[in-house]
Each structure stands twice: as C-alpha cells, then as structure tokens.
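Here you get one chain, nothing else, as structure tokens; it is the form predicted on its own.
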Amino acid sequence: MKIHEYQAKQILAKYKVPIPAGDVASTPEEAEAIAARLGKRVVIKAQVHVGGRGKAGGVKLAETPGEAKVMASQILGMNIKGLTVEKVLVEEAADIAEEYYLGITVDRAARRNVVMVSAAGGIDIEEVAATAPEKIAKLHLDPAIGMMDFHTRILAEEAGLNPAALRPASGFLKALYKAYVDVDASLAEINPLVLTKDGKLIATDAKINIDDNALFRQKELAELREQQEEDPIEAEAHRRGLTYVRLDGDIGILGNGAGLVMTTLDVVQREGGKPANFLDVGGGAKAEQVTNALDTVLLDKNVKGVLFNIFGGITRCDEVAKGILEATATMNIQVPIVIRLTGTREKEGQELLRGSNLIPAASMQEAARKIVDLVEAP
C-alpha cells in the first residue's frame, strides 16, 4: 500500500527525523494561507502515488503567498500519469548545498533487507543504479541484529557523503530503519536528504510503501488507503477478499495456491501468451468463491480467454467445477475457458464439466497451449 509524501513525513517525524515545516492544502486559498503562516519561500508539491512529479510540473517554488496560490491552482487538478492531483503539500523550501539518497527495501534474492546510501540524491535512484552503480553503497542487514552504528558509518563513508554529514546521517539511517520495521514497510526512502548551506540535514522528500499482508496489524495506516488511486479492478478484488494482481496481458489466470498460479503465469508466457492477472482463489475454494473470482477476472475487458489451473489437495475439484458451471450459467461469457483439474475428486469434477462449452486439458502445459491458441486464433 502506498501512502503520500506528507503521510510518510508524519511517520518519520515520530522518529525525530527533521522535516520541513508545512501543511497540506486542497484549494489554492488553503495553499496561500499556509504559505503566509510559514512566512518564507515555499515549495508546492503534488500529492499523488507516482514518481516523476517534478518532471510533470507537479513541483513548483513560490516566493510569496500570492505565488503559492497561483502555483497551487496550476497543480491541483493536474493529471499525472493517470492520477488527478487533489492535494498539495506546501512547505518551507530548503537552502540546498548537497542532496543525498537513503533507502531501505527487501532484497528477495538475498532474503534480507538492503540499505542503500548515495551522494547522488535528488534524482531517480533507478537511473543512478543503471548508469553509475558505484555511486550507491549497499549493505544487507541481518534481521537478528538490525541496524548498528558501525553499519551507518560504513554506508555513509562508502557513499562519499560530506564529512560534515557523516554523524547526523547515521541518526537518519537508524531512524529510517526503525520506522521501516515498525510500520511493516516494503520500501522506505528519503530522497533527497538535504544538507543545507548552514550544515543541517533535513528530509525534504519521503516515500514509504506498506506491506499489504501486514495491514491487519497496522490498522491506523490501513485507513490511509485511497482506493481511487488504486487500479479499479484490484480495488474491487480487495473488497471481495480476493488475492488479485492486474497485469497487462489478455489471458485471465485462476489457480489455487500462489506457487501454482505463478508457475501457470510462467508456462503461459513460455507458450507465447500474455497473462492478464494473478488470481489465487485459495486453498479451500468453494463454488461461491470460484464464481466470484471468475467474475473479477472478466471485469478486465482486455481478457480474451481464461485458464483455470486447479490442483485438488484441500480444494475439491468437483466444488471448483460447480463454481465454474454456476458462473458460466449466470454470466454472459464471450471468451473461451480452458480448465485443468487434477487431484481430489478429479473424476467427479471432470464428469460435471462433460458436455459443457468448457475446454478440458490433462496437464498445465496442454492447458497453456490451448488457451494461447484460442486467444490468438483469428
């Protein structure tokens, strides 16, 4: 789950991270009032869940409250990468001497959190990683130890931070890690961390993504979710209690078990198809769940065919077959559906499907070939 910059800064402020004074505005008049209260040059920043705001014109400086009102009126209502700007952050503009990057995320290959520090902050860190990876210092953390003082010193020195910033940067890193762990984040960034001309460090931008799987224990943060900024089908799937991720293909994928679904995506891809989604109907899927899942997949108008890949362990194949038949009987389905059923009550499930318009397959590979051929057929 993504949260806005101002919300991420509010979290970091609880860990004593210095942030610019400011507030959020929904109208140009509110932006003007905030700028007047601050009494300094301000920056007006669009609050949307995407990067590249500055390049899109969503970040502007204002010298006076009147300018802040004008700049806010230009930014509010903007469309940035498909999202409408409904709020802006108005805060004191920093007197920048240098800009750094601090970040923590999950390195799934290493199965550890990785901390990254760079003296090349203020720009897209992915670009730095691609063109000048030597400018990013990285350190994988042992989860049993966490972030220690010597870790922060090593990172800051390897990144080439200004000597005057080494000691205070250590405090920022420890606070960022503490916040990252406490809120169950999958990503926490300060970019840029600004060294001002008078030698102070301040977090002028922040980004925190919360692990969706931890929202059950992060109830306050869960309330910050803004469904209008999510993919509408993913948002509907979440409301229905489904594990669904929308992709950019045209073959709907349904399976039971995350591993099986991911394998199905790979097999369809190898056969030349493009999966439209990931959808795990769960380990004990009943007919009602399957009907609900199929309906969700078909909300995507790009879907030209559907592949069911069901292994009956806890799940009974005949229950899945009932669900598919119920769905196809009540829905106006205009796309082919290929079904692979194997495992518990497999024969009963296949018998239920006999005589229907549903297309059986004996193996996952056969099912993938059939649905790809059907989708690509003229």
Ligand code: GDP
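Remember, predicted model here, so these are calculated numbers, not experimental data. Residue indices: 1-based, along the sequence shown.
Keep in mind the form predicted in complex with the ligand is missing from the figure; the text below concerns it.
- None of the heavy atoms of residue 264 is located within 4.5 Å of the ligand in the predicted bound form.
- Taking non-hydrogen atoms only, residue 59 approaches the ligand to within 4.5 angstroms in the predicted bound form.
- Although the partner is absent here, residue 93 lies within 4.5 Å of the ligand in the predicted bound form, judged by heavy atoms.
- Contact check for residue 123: a non-hydrogen atom falls within 4.5 Å of the ligand in the predicted bound form.
- Stretch 35-43 is the answer when you ask which of 327-335, 65-73, 343-351, 35-43 has residues with heavy atoms within 4.5 Å of the ligand in the predicted bound form.
- The contact residue chosen from 152, 296, 277, 204 relative to the ligand in the predicted bound form is 204, the criterion being a non-hydrogen atom within 4.5 angstroms.
- Between the options 305, 255, 192, 273, the residue in contact with the ligand in the predicted bound form by a heavy atom within 4.5 angstroms is 192.
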